[in-house]
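First, one chain by itself in structure tokens, the form predicted on its own.
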Amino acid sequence: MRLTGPHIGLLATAAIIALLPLTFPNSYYYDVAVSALFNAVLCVGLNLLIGYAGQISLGHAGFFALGAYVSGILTTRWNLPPLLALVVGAVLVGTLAFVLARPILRLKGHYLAMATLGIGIIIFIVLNTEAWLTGGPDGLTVNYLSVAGWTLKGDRNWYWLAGILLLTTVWLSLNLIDSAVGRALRAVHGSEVGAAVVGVDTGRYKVLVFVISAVFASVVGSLFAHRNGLITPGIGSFFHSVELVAMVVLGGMASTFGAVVGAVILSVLPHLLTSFEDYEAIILGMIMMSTMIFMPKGIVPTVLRLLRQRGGAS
């Protein structure tokens, strides 16, 4: 079988995930890596919505937070098994996304951005004020992830789980993009009117990708809750949503591996800049601004274009 670019990219990602722990001197690096992998899964799902379907979302962290809180509440207060709670959370979040998608995705441009921002704010306010259920600003304690009596603990174990989850998500995303659904999403992004003229049910596909991205976020949120053991409403804040969008844009929209690269860079970079203390945010902002000026299409698409040009010139 002839290996294509996506296959090579998936194999390269798997190799990096497998070999990267050899460079970790202590558990701190595992902790940072797990956070980066979780963000990468979130961004792969968000990229389907923003990069391929062209539908902006500024409230995606709200779905992440809902998944975390549903799992936390069901396992801690109702004693449901963590995996069942994860599935219930994904179903509930997917259902909510389906209900909201029809009216919201009729909007376009900044109107759509404001509507999704409103969803995120509402979720954040509910999590923050309904202390009887969510614990309010103090947060909610969550049980560890356990399956058949075995409890998943330790950053190393979580690293391998997060790595497998990312590879699975990337594989699903690549297959979706290469299917009829992916071609329909690209048509919607290019021109909704043109897509509708040739028979594409634009509303159906926009709702579908909105639900898929929300379910991805819910699953990661559930795992995040069980790993951390404590969750607060801040995980569903507007800042977190903007951070996720920035990761997708930085890596390259309409690029699955770009979403992964952008998520890893913006997850790891703040830790590398801690030695600069008060100048950390300024340096991070300058790096992002410079990247967008010189690589407006994002890091991965720009690098691939340069490699193709160099290959053609040789």
Partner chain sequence: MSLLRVDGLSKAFGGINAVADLSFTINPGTIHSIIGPNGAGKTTLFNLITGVYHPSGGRIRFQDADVAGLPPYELARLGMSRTFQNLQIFFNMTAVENVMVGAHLHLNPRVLPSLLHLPVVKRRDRECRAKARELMEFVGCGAYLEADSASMPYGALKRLEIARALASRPKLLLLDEPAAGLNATESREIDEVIKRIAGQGVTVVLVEHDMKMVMGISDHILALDYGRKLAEGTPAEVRQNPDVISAYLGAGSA
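Everything numeric in this text was worked out from a predicted model, so none of it was measured. Residue numbers count along the first chain shown, from 1.
FYI, the form predicted in complex with its partner chain isn't displayed, but the following is about it.
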property: Proximity of A184 to its partner chain in the model of the complex, heavy atoms at 4.5 Å; result: yes
property: Contact of L176 with its partner chain in the model of the complex (heavy atom, 4.5 Å); result: yes
property: 4.5 Å heavy atom contact, S146 and its partner chain in the model of the complex; result: no
property: 4.5 Å heavy atom contact, W171 and its partner chain in the model of the complex; result: yes
property: Contact at G194, V197 and I212 by its partner chain in the model of the complex, all three, heavy atom at most 4.5 Å; result: yes
property: Listed range touching its partner chain, judged in the model of the complex by heavy atoms within 4.5 Å, from 121-129, 222-230, 186-194, 68-76; result: 186-194
property: Interface residue in the model of the complex among L208, A113, L100, L167, criterion: non-hydrogen atom within 4.5 angstroms of its partner chain; result: L208
